[in-house]
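Below you will find one chain, with nothing else, as structure tokens; this is the form predicted alone, and questions on how it binds or moves follow later.
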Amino acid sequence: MFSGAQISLYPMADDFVGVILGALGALDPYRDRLRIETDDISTLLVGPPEVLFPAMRDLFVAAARSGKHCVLSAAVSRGCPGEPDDPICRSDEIGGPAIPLDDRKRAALGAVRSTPSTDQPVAAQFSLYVMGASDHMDEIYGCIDFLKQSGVFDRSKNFCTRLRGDAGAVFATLNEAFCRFGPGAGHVTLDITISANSPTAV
């Protein structure tokens, strides 16, 4: 299976280059388990979800610690039939419909509740897309039920769900949504926007 994320980090600051470069060291612990390719639009991270989501979290938290308004935009995908299998993406985390939906929701909630705090509050919105599965709405509704119990659910919006809370719990929730819902060997994507230090009133 192939899994990865195209990510772009946007610090809203005159010194945006300094904020980005200062945050890049947060990826160092993950470099041996990720393939990283950067161009002038985004950075591709290829690897298993249990590495992808902590790497994105740590990069974003490092940038947000600058105190500047920072936004991370990410398109995350697994099982795309147009991508080749890649050994670096092997994961034991992904569990689809072979495991009953209620069991997957319980496991996802347990994983989120055991996640350590980063002491960095964030807001996020995301959409889950389950491709090529006849029961895709059952999977999406199951994910929504999990989100409402996750402790970081804020509200439903048109085309997406809004989350708010500590970055640790928010990224863990996104990881669980990605891994636990949809076919285990199927194509699943997330469209994610995460913000910290926004000047807009809550």
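One rule holds for the numbers: they count along the sequence shown, beginning at 1. Everything numeric in this text was worked out from a predicted model, so none of it was measured.
The discussion below concerns the form predicted in complex with a further copy of the same chain, not included here.
- In the predicted complex, P11 approaches a further copy of the same chain with a heavy atom inside 4.5 Å.
- In the predicted complex, none of the heavy atoms of S66 sits within 4.5 Å of a heavy atom of a further copy of the same chain.
- a further copy of the same chain is not shown here, but in the predicted complex it comes within 4.5 Å of a heavy atom of P81.
- In the predicted complex, a further copy of the same chain sits within 4.5 Å of a heavy atom of Q125.
- For a further copy of the same chain in the predicted complex, the listed stretch (159-167, 24-32, 145-153, 53-61) containing residues with heavy atoms inside 4.5 Å is 159-167.
- With the partner omitted from this view, the residue of P100, P121, G110, G132 that lies near a further copy of the same chain in the predicted complex is G132 [heavy atom within 4.5 Å].
- In the predicted complex, a further copy of the same chain lies within 4.5 angstroms of at least one heavy atom of each of the following residues of 39-64: D39, D40, I41, S42, L44, in sequence order.
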